[in-house]
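First, one chain by itself in structure tokens, the form predicted on its own.
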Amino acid sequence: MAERPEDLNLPNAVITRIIKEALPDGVSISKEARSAISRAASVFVLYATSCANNFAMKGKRKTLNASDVLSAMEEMEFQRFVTPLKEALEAYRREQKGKKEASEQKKKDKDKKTDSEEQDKGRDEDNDEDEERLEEEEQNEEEEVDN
């Protein structure tokens, strides 16, 4: 837990970026208004987290999950945000699945490349051994001719 109430505030840079994205061009916001929005956002996050935690506790879990957050939004009477949140969650899951699959494919490709390199190395070693054997045979033949 945070030791001071100020520790619970969201970073100013994040709040400023969100505000700029929400306002039309040419509209500015005072420092005081930005601070008020920051505090309101922090209170909202704390309240949503507390409500979601209640759902997790009812489920005898210590870990909050997405369904807890969605249930909390409904309990807080923010039903109109539930559908966009579900859509964002699905998009996030698809993105994570794609990243995981890409990572697995990259690992498989790397393993194949490593196996191929090892086979090539083995072939090179075999070729070196064959060359050494041929040289020895040639030397032996030359020695036999000399004798």
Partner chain sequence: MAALAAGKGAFREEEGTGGDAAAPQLHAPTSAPGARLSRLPLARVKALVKADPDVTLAGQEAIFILARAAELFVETIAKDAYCCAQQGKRKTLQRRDLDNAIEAVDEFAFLEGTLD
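For clarity, a rigid core is taken as the largest C-alpha set superposing within 1.5 Å between two forms. Numbering follows the first chain given and starts at 1. All values derive from a computational prediction rather than experimental measurement.
This protein has a second form, the form predicted together with the partner chain, left out of what is shown; the following refers to that one.
Contact with the partner chain in the predicted complex, judged by any heavy atom within 4.5 Å, is made by just one of Lys100, Arg93, Lys112, Lys58: Arg93. Using a 4.5 Å cutoff between non-hydrogen atoms, Lys108 does not count as a contact of the partner chain in the predicted complex. Within 4.5 angstroms of the partner chain in the predicted complex, the stretch 71 to 96 places a non-hydrogen atom from each of Met73, Met76, Glu77, Phe78, Arg80, Phe81, Pro84, Leu85, Ala88, Leu89, Ala91, Tyr92, Arg93, Glu95, Gln96, taken in sequence order. Core-superposed comparison between this form and the one not shown: CA of Gly26 displaced by 2 Å or more.
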